[in-house]
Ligand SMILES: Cc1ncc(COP(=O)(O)O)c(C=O)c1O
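Take a look at this single chain in structure tokens; it is the form predicted alone.
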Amino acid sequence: MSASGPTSAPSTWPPLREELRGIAPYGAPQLDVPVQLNVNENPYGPSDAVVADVAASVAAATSTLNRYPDREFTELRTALAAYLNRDGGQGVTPDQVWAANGSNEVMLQLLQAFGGPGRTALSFAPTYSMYPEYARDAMTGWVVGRRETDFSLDLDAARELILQHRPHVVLLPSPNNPTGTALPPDAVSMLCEAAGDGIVVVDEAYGEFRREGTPSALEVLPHHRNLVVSRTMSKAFALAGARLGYFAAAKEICDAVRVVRLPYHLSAVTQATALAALRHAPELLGRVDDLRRGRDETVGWLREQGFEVAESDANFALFGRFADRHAVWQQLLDRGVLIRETGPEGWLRVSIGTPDEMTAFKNALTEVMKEIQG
């Protein structure tokens, strides 16, 4: 064959990055079963008034879809800042807020801006399983510490690990997923100071579900230029289908993320939907107290049945321990109840649903355990 002819095909096709070969895409099972309690959704859909406002707002946005959206989404940033200042924020301004298509994109943008080759990100396991994937996708080194047996964070050990590795990004969910554990009040300031020039991301995806007296990291945002506090509208706002995540941070951090964001990344339809939802925030958040009560009742019931249950400030409960958790998960699924097989080996996680859904879960789990125990 001449030098100008076709070259031989690569030994593997397609020419994927080597570290991605053989990896299955992330995703919880999406199954059509009567009771779906596996992805921490808010089980209460929007009211007719919210639906009507969203529909009207989207219709208005549709009339200008021939034009690109406001790439700085100024009106939405203003509305998000106002909301945060009602939930722990201390004078958050619109130029301190950034948003993207779900908190997943927010996190990836932060890793793209502050991570990268030769840099590291750090967190403490067990924690959200997407964190190492964000680091991988941004070609960032990954360092993981360990939580205590009760899933709390040993602050002295965490501080020492940060001082040892000097990560560029520290990821600290509060409440933690999948355990539901909230950070103690002094943790954020201590770890921001330890991180030095690295940024500390406190992921409050479940922040609205925190117990009374548990502060938001927003309260100390003015004191730490390296602090990022992220939120989402997917959980407490019951807006998972809209895909809107956001964070508050120093203006310099927001400006840095603007460098890596794709052009016009937040559609006019998404912006209109989120703005409509924020106008109805009191109503949409009105079920948060119900879900908190449901969480506490579920945790209490599980403990009465003899299970270990992690303390939770979120809208889910992690419980165990099972010799074969997959068998329990499957038998629950066979009874029409879908929960999540995640977290440490031997544990399962159940999202808090409506009272009827939780009754179905309890009845199914009771039947499964009787069958397993003979």
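On a predicted model such as this, the values are computed, not experimentally measured, just so you know. One rule holds for the numbers: they count along the sequence shown, beginning at 1.
If you look for the form predicted together with the ligand, you will not find it shown, but the lines that follow are about it.
Listed range touching the ligand, judged in the predicted bound form by heavy atoms within 4.5 Å, from 204 to 212, 91 to 99, 183 to 191, 68 to 76:
It is 204 to 212 that comes within 4.5 Å of the partner.
Looking at the ligand in the predicted bound form, is some heavy atom of each of F151, T179 and R295 within 4.5 Å of it?
Not one of the three qualifies.
Select from the listed residues M107, A217, A121, A248 the one whose heavy atoms reach within 4.5 Å of the ligand in the predicted bound form.
Residue within 4.5 Å of the partner: M107.
Looking at N226, T270, T232, T140 here, can you tell me which has any non-hydrogen atom within 4.5 angstroms of the ligand in the predicted bound form?
Spelling it out, the residue with a heavy atom inside the cut-off is T232.
Touches the ligand in the predicted bound form: F237 (any heavy atom, 4.5 Å)
Because no heavy atom of F237 falls inside 4.5 Å of the ligand in the predicted bound form, the answer is no.
F114 near the ligand in the predicted bound form, any heavy atom under 4.5 Å?
Contact check for F114: no, nothing within 4.5 Å of the ligand in the predicted bound form.
Does the ligand come within 4.5 Å of any heavy atom of R287 in the predicted bound form?
No, no contact at 4.5 Å.
Can you check whether R243 is within 4.5 Å of the ligand in the predicted bound form, heavy atom basis?
R243 belongs to the contact set for the ligand.
Determine the residues of 115 to 133 with a heavy atom within 4.5 Å of the ligand in the predicted bound form and present them in sequence order; the list may be empty.
Heavy-atom contacts within 4.5 Å come from Y128, Y131.
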